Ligand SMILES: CC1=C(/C=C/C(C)=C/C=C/C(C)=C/C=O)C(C)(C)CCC1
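Here's a solo chain for you in structure tokens, the form predicted on its own.
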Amino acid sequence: MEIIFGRNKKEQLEPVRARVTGKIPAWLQGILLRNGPGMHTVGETRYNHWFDGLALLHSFTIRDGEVYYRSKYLRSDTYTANIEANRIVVSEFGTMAYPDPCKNIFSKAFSYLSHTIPDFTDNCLINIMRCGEDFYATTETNYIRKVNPQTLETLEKVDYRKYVAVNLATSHPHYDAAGNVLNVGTSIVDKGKTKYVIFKIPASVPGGRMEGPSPLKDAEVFCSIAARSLLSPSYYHSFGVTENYIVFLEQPFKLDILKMATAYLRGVSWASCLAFHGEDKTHIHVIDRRTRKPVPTKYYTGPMVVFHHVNAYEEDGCLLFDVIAYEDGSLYQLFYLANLNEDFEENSRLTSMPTLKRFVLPLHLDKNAEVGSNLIKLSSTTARALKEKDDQVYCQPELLHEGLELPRINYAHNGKPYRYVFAAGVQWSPIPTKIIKYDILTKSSLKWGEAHCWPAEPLFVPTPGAKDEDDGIILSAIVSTDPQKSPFLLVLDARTFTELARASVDVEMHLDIHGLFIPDAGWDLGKQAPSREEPARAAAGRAAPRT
């Protein structure tokens, strides 16, 4: 486990040409840009949790059947401060950092006060978000960092709070057909209220200007949902959308704000203030996108923890949404580095199995239906919605498949009826060992796997002009637990799940989390924007593919 999780990875600043075996489809041109933790020790200090590691961006540039790889640490303020101090001095969610003990008492007192209402890290290690023509590395705080997808250079730091009042925000926004961004954040005790804020960022600034103000300056609050508890808001990682609705789960996995406010003084991490309350319900909030208001029906289900929504859509007066659900919050505990040791396999069995579940909600409540009756009449699912008193509906999911995580779909079907889920196969261990294509219609699956290989989140790229949902390819960055086996980019035929090609690179590739594919925009590795790295790139550029 140490070779994958605990060891710091080296940057690959100059593009290195991969060894391609098989044949990459000629139409596949662009950049696969990925993000994840790559540095877990700074000097003599060590992060407590794998999700705390410093963000390492990496990319695969695909051009004319050739692949070039590079990686670079996100030059966040957090990274800079830690490297300059040669120790961890900026707190992460699972690791509380402290000022230099040589500083005076007044400096220490100021640090204590500044942590009461935390100014969170800009170590944006989870995902990549597209906003207009710009790309941002994201995490779950109020900060995002603009990056150059060609050079992996870190650009300006953006604070969501300048545009919308949120202290936390998801790393899984949604995009509509026009490229507008929809996201959810938490506003903690703002003007005496804690609420979940759904906000919208336009694809471009008014007037269609390509240069000038960022679209973020025109961000607007789409709607908000009052948290059920002022001081214990729900943790969430993603949400769902359909053509007409937004689905938000207020789950009993909660942040204790009072404990967070005193965590620094008590010498504990903010993660210790996150707890699962198994006696509580999971409340399902549905927002009508046309009115920007919640629907009057109150939906709920049993206690669960959801990190990833898969998709949602409407059918015959019902709203269907699919999620990867856990029975409790133990998954987060497993990824403390102290647990990623020789006992990892045994420890992982203490976590609940990730399960693909389908929920179905009746959008229009039948006032004449009997209490206790099932309001779902769809023949395509066994999910139930039982009418209760006071316009409440208890939702019982259909269990579709066990052992899936990091789900992706053909995004052209986002918010619409769909059939296929592409995901990492994890079984009892949360470490992916296979890539799975699950067919919701036939309840069958196809799998790819290879000994000693850990695949990253599979990403679907459609064939140009494709009509079938699975007409395209799957891309996944594969790391190996065998030191003698080089990591590689895997290219699968999404329809048959047969391997088309792999691009191997002799680098220290890290296990990433999320990312996206950027279709070719005429970029060339040898003709990129000038930067401090230009001399190195110029040398590498002689071998770069032609535009």
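For every residue, the number given is its place in the sequence shown, counted from 1. All of these numbers come straight from a predicted model, not from anything done at the bench.
Below, we turn to the form predicted together with this ligand, even though it does not appear here.
Colleague: Is the site here open or blocked once this ligand, taken in the predicted complex, is overlaid via the site C-alphas (blocked: 3+ ligand atoms within 2.4 Å of backbone or C-beta atoms)?
Modeller: Here the answer is open - the superposed ligand has no atom within 2.4 Å of any backbone or C-beta atom.
Colleague: Any of the heavy atoms of residue 513 lying within 4.5 Å of this ligand in the predicted complex?
Modeller: Contact with this ligand, yes.
Colleague: Evaluate residue 470 for contact with this ligand in the predicted complex, applying a 4.5 angstroms cut-off between non-hydrogen atoms, and reply yes or no.
Modeller: No.
Colleague: Would you classify residue 357 as touching this ligand in the predicted complex, given a 4.5 Å non-hydrogen atom cut-off?
Modeller: Although this ligand is absent here, residue 357 would stay clear of it in the predicted complex, with no heavy atoms inside 4.5 Å.
Colleague: May I ask you to state whether residue 322 is within 4.5 Å of this ligand in the predicted complex, using heavy atom distances?
Modeller: Residue 322: no, not in contact with this ligand in the predicted complex.
Colleague: With the partner absent here, would 139, 270 and 332 each sit within 4.5 Å of this ligand in the predicted complex, counting heavy atoms only?
Modeller: Answer is yes for this spot.
Colleague: Just one of 433-441, 72-80, 153-161, 139-147 has residues with a heavy atom within 4.5 Å of this ligand in the predicted complex, so point it out.
Modeller: The contacting stretch is 139-147.
Colleague: Select from the listed residues 384, 259, 416, 237 the one whose heavy atoms reach within 4.5 Å of this ligand in the predicted complex.
Modeller: Of 384, 259, 416, 237, the residue with a heavy atom within 4.5 Å of this ligand in the predicted complex is 237.
Colleague: May I ask you to choose, among 421, 404, 168, 340, the residue with a heavy atom within 4.5 Å of this ligand in the predicted complex?
Modeller: Flagged contact: 168.
Colleague: Check each residue of 15-49 against this ligand in the predicted complex and list those with a heavy atom within 4.5 Å, in sequence order.
Modeller: Going through 15-49 in order - heavy atoms within 4.5 Å of this ligand in the predicted complex - there are no hits.
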